[in-house]
Structures are given as C-alpha cells and as structure tokens.
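First, one chain by itself in structure tokens, the form predicted on its own.
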C-alpha cells in the first residue's frame, strides 16, 4: 500500500514540476504537494525573519545619525523592512503560522538569520554602506523571487517590497558617494565599512553552485537563478560602482572568463570582535556552516531585545 502511495506522490511531484517549469503559477495551497509546500514555506520563513532582524541592526545608527533627516531616513527604512515582514508573515498564516507567537515567543536561536544582518551598525556611514552593498544583495534575491516564483501570491507581494528597496539602495549609494568625497576621515570610514561588509554580502547568496545539494527551489521554480548567477549579478553592479569612486574591493572583472570574480577563495576567517577578515586564513565549509547556523555573537541579544524592549524615546 505504501509503495502504491509513494508512486502516486512521485507522479504528482513530477506533474507539478512540469507545470511550473512551463510557467504555471499556483494560487492556492491546495494545489501544492507536501514537498513543494515545505520548500515554499521555508523560503518565505527565512525571507520574513531577515526583514525583522534589520531593526536591531539599524537602530544604533538612528541614535548616531548626524541630522534629523538622516534619523528619519534610517527609521523609514526600518519601517519599510517591518512592512515587508508583515506581508510575508500574513502569507505564512495561510500555512498555519501564528505570527504573534512566531515573532515574540520563539527561541531567538531558532530564528533564521544571515550573517550580513547580524552586526549592529556602529554609525550612519556603516548604515549607508550596508544599504548600498547589502540591501542590493537582498534586492537581487527578492527581484528573482518576484520574477520567477511559481506561487503567485508571494511573487505579487514582492512588487511593493522591491519598489521600496530601490529607495534604500539609492539612498545608500548617494550617501556613500557623499561621505567618500567629504573628507579624509569619512573616506577612511567608508573604506573600512566596505571592507567589512563586502565578504558578508558576497556570502549572502550562499555556497557555490557546485556545492549546492538542495536544488528544490530551482526545480519547483520558487527561484529562477542559482546562487552563483545572483552573486555574479551583484558583483557586476558593486564592483564598477566601487571602482568608479576608488573604493577598494576584493573582486575584479576577469577578461578571460568574462565574469566578475572574487580575489579570495571563500570561506575565510572573520574576527567578529575586530570586524576584520583574514584573507590568508581559509576555514572549511563545515566550519562556515556551523558559524552560519549558530549566528554571530549579536544574534541572540538582538532578537531578545526585539522581544522585550520598548522602542521609543531612547532612539531619538
């Protein structure tokens, strides 16, 4: 009996994969196979968590922003990100998620975060560098989901998300250019922040394609581009931008391959306390996976703060 059911499930999986490959978009959870549902929910779950953790990441920069306009810009970006999370959590409720308990009662260690979003910004310059380089990485990911995701409600919800992310990237790019040209001190700080964020952003897209074992996101057309394809798109934007200003980045365009390439072999060691990368100290992928899974030393305190702190006057 079990074998008969397995064959039926396999046939349903194959049929669904063929339909989404041909461009069909699902509108309702009842159309999904259990495996498709797991892959989709996991993707939305991670996307929603990543939006929320921007709040403790950006909040220190609100206190240190040089002008009221700058404070408003950072606060608006936080508001946008939480709005994006709300859209995603509402979709997840259709799959049985309880947003209240999911946000405020879940163990901080269980949150799905990426290293790039776990380090509180030390000042306004770090925030705009993060917007210029980091938000662009996130934007490339969500644009790919909007353009390709076979679950239509999720794809449609990302139109507003991506529209607002273009403002974050534009804000970051504009102010990185400003601080780079302001004076020697601000230029040095921009360079320092880029040196910290560049490897984090490059790692945002995950392991190289040849190492990726789980390909369900592409098979079910939840995503359209591979890790390396999205990383290449990011590099093709940030490397020319950086070079146009004179910002040094560990990547370049390779004439022979016709691609942008990193100047180092990831993964490399990061000293979290000093926020410096050791390009001569390569770590194993097993070590990197443990670091990603555990999160930085900021992860649990930041999410705990989200659970308990009343935001308000202290920020201003």
Partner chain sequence: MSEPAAVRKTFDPERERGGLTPRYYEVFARKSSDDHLAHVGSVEAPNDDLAQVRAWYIYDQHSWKEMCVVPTEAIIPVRIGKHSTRIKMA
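Since we're looking at a predicted model, the values are computed, not measured. Positions refer to the first chain, counted from 1.
This protein has a second form, the form predicted in complex with the partner chain, left out of what is shown; the following refers to that one.
The candidate spot formed by 21, 170 and 292 lies out of contact with the partner chain in the predicted bound form, as no residue has a heavy atom within 4.5 Å of it.
The candidate stretches are 235-243, 95-103, 222-230, 175-183, and the one lying within 4.5 Å of the partner chain in the predicted bound form by heavy atoms is 95-103.
Comment: the partner chain is not present in this chain, but in the predicted bound form one of 63, 259, 281, 248 has a heavy atom within 4.5 Å of it, namely 63.
Among 144, 164, 122, 195, the residue placing a heavy atom within 4.5 Å of the partner chain in the predicted bound form is 164. For residue 133, no non-hydrogen atom is located within 4.5 Å of the partner chain in the predicted bound form, even though that partner is not displayed. The partner chain in the predicted bound form comes within 4.5 Å of a heavy atom belonging to residue 86. When the partner chain is considered in the predicted bound form, residue 305 lines it closely, a heavy atom lying within 4.5 Å. Although the partner is absent here, residue 267 sits far enough away that none of its heavy atoms falls within 4.5 Å of the partner chain in the predicted bound form.
Counting a residue when any of its non-hydrogen atoms is within 4.5 Å of the partner chain in the predicted bound form, the hits in 149-173 run 151, 153, 156, 157, 160, 163, 164.
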